[in-house]
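The data below hold one chain only, encoded as structure tokens and taken in the form predicted on its own.
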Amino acid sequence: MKQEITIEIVDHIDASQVYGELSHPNSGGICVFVGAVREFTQNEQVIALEFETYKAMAIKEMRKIAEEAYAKWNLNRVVMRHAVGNKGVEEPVVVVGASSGHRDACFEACRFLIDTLKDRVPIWKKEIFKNKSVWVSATP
């Protein structure tokens, strides 16, 4: 039997595996959000993003968020996965997803998962440009 809630901090995200993790016989809806490194921010070209975290605390907070969503929207499965380390343009850095009996619940849950992760989980992001790098808040 698959795990109902999957929480991970990883070095690399394979977004193609998420559908299989969220699939469930009682799920008529599966929603997935994938966050990736974009090439420009505020008209400056980004070379890469670097992510750091306090892993034990991040996992604990991600589990709380997933359990809140699981209960609130009566979900069948939840996935929350964030990458750490240096990530290049177009590389996925975060993936969250939810599956439920109907689409409204998984749409709402998926939005809650990513917004709440960015608000509460201690993961720090550094933007690396050609001539400088800056640490930025999770929510620009």
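Please read all numbers here as calculations on a predicted model, not as lab measurements. When you see a residue number, it is the position in the sequence shown, counting from 1.
The protein also exists as the form predicted together with another copy of the chain; that form is not presented, and the subsequent description refers to it.
- Taking the partner from elsewhere, residue 131 is found to have every heavy atom lying beyond 4.5 Å of another copy of the chain in the predicted bound form.
- When another copy of the chain is considered in the predicted bound form, residue 104 lines it closely, a heavy atom lying within 4.5 Å.
- Shown alone here, residue 10 lies farther than 4.5 Å from another copy of the chain in the predicted bound form, counting heavy atoms only.
- A residue is said to contact a partner when one of its heavy atoms sits within 4.5 Å of a partner heavy atom; residue 74 fails this definition for another copy of the chain in the predicted bound form, lying far away.
- Shown without its partner, the chain has 35, 36, 37, 38, 39, 40 in segment 35 to 55 as residues with a non-hydrogen atom within 4.5 angstroms of another copy of the chain in the predicted bound form.
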